[in-house]
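Next up is one chain by itself, shown in structure tokens, the form predicted on its own.
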Amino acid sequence: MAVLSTNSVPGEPKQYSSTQVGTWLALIALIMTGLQYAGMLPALLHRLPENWIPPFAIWLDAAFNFIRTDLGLQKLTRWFAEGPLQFMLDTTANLLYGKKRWPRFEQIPWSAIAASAAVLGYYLGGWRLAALAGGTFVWTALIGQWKDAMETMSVLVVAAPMAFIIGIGLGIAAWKYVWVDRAIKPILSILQTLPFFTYLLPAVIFFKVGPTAGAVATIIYAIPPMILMTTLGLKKVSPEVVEAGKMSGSTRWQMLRHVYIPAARTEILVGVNQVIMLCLAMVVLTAFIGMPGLGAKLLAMMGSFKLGRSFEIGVTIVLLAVTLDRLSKAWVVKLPEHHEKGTPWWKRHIYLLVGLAAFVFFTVLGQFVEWFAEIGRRQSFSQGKEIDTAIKSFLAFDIVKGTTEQIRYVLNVWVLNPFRDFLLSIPTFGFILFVVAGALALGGKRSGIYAAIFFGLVALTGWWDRSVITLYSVISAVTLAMIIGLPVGVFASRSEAWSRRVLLICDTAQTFPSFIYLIPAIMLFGITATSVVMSILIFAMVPLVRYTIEGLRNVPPEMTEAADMSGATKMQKLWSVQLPLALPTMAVGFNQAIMFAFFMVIIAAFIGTQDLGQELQKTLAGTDLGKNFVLGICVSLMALTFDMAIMTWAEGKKRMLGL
């Protein structure tokens, strides 16, 4: 347990633990709240006076304008956007959906892409992955969404490789030079917690609206995991492997290329998987800044409440996400193939030749049979209207309507609104003291200091009430996710079969782009606070369930056997042995649930909220970059406070348990 005073000489001040200090701070916060309710608290302790609020947004606007115009950065970024980047995007757009721009390549037939994807899937994972990969593109074409999907993919195939190249380069630099690692870590922490709206506005200002801005925002958003996984992989290379490389007389470049990178292959490919998934998630969200594709279509359909069509687009996005996720994960686990000396070239590259043959065959076929080249709207098998009718009929059933209305009423009137009003009633200084007390109890002195600094900065931005409403949504959703998710995880962990099934559902759910979670919430609860919390709840429950199962399944068998031999019941074994040992792992899931909730609460601004997400969304309509950045930093600082305290507690608990 952390101690705030290290004095042990008689007569010197008494030692106090972080928990004790945290308890006193919580008591002070309670007294301040009580005084506020009694009308006896000075106004400046309830909320900071406006004249105390520094004009951060104005200062940042001045700094951004200086960088953009005086230093000429905007000219450089616009040249890149209108030159090399536009050329790459036009090339992929021509190839994938026939955008009539230079270099004017012919559109690749959908059947050729589907066939090539099936061959790639078979090479990486067998028939099941071949069916998934090929079937995804067949579905996309048959449902009439090929052009929208390819508009999305045309940006993805440019953004993902660029994020990979930049990420692996910075990762190598961070591994090689300690000062780079120290400088880049806090930047990565902020980038990973910034809301996506904060990426969008700078991209629009510096790179113009549309695919170029979407590509840049996507690249920046996807870089952090590539840097982290590259650095981690290179640091884990065993000294024996390095020594063998040096003894063979390798130069520094040869050591990097032939020793370090191959030895770190697994971690680097995991980073590639994360880059691909984050790129897909972000390229869908760039619909807010005029990026065409599936995201824009989904946004339009949800805005007009066409749930059937939204459902079809959602299925397409999910299938693309699952396909890319499975293909990249299969690439991670597939070991390089080695052939005997003298094996013919065609045998060594048989899958490449089969893929090329399938590609050429369907490309030629598409020149003669139009259906194999492009499926128009009239030829598509879309059932959007029928699904819309079915959904509305289902929701119109008395039992469904009555149940959803009752849930909405109870949550809104008896839970969510009172909880929001209570949090808003707490004085600013009292709220900060509550947070610091929790951080001290969980993470010790360092976490408590950072919590005070971070939440103090949030208060100084002038967006305190909006920040509290954001926090209310996060806390409400994560609490409900725990109530539902933890029992599910405990139940599933009792059986190997159920663990596999539930983890498969979690794996699949984690590949869903965040927009998808809005659809069931809106369908069932309309445009209300309940639908906001429910959409966050579904998104945040996945890591809670996953890490609960993994934590309980990884409890050392000798510990459970000892409990069985002592005659403990299942419930006693769970509460006294399994849960205490699984808590550090479960804490990681709880931490991820909070991070997911902070991300999703910004997405939920589309439904209509009164939090930071709504304000961030408004900034996209103008050029208020300072305000956009201040709002984003507020979200980031709150998320980092929770992340630091929980992860510090988890690491300490692991050390204490010897895990």
Partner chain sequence: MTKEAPVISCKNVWKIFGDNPEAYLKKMPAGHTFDDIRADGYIAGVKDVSIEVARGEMLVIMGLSGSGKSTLVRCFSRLHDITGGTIEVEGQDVMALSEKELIDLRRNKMGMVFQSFGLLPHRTVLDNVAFPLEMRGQDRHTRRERALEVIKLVGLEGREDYFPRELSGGQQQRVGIARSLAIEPDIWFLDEPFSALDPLIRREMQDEFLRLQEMLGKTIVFITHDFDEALRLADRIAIMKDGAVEQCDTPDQIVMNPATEYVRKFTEDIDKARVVHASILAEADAKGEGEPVAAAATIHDLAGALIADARDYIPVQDGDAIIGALSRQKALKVLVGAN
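Residue numbers count along the first chain shown, from 1. Just so we're clear, the structure is a prediction, and the values are computed from it rather than from any experiment.
Omitted from view is the form predicted together with its partner chain, to which the following refers.
**Message:** Check Pro487 for me: does it contact its partner chain in the predicted complex (non-hydrogen atoms, 4.5 angstroms)?
**Reply:** No, no contact at 4.5 Å.
**Message:** At 4.5 Å between heavy atoms, is His258 in contact with its partner chain in the predicted complex?
**Reply:** Contact with its partner chain, yes.
**Request:** Determine whether any heavy atom of Pro557 comes within 4.5 Å of a heavy atom of its partner chain in the predicted complex, and answer yes or no.
**Result:** No, Pro557 is distant from the partner.
**Prompt:** Should Arg252 be counted as a contact of its partner chain in the predicted complex, where contact means heavy atoms within 4.5 Å?
**Reply:** Contact with its partner chain, yes.
**Asked** Only one of Asp421, Glu240, Glu496, Glu561 has a non-hydrogen atom within 4.5 angstroms of its partner chain in the predicted complex; which is it?
**Response** Checked against the cut-off, the match is Glu240.
**Message:** Give me the residue from Lys570, Lys246, Arg128, Lys236 that has a heavy atom within 4.5 Å of its partner chain in the predicted complex.
**Reply:** Residue within 4.5 Å of the partner: Lys246.
**Asked** Since the chain is shown here on its own, which stretch among 258-266, 455-463, 542-550, 470-478 would lie within 4.5 Å of its partner chain in the predicted complex, judged by heavy atoms?
**Response** Among the listed stretches, the partner-contacting one is 258-266.
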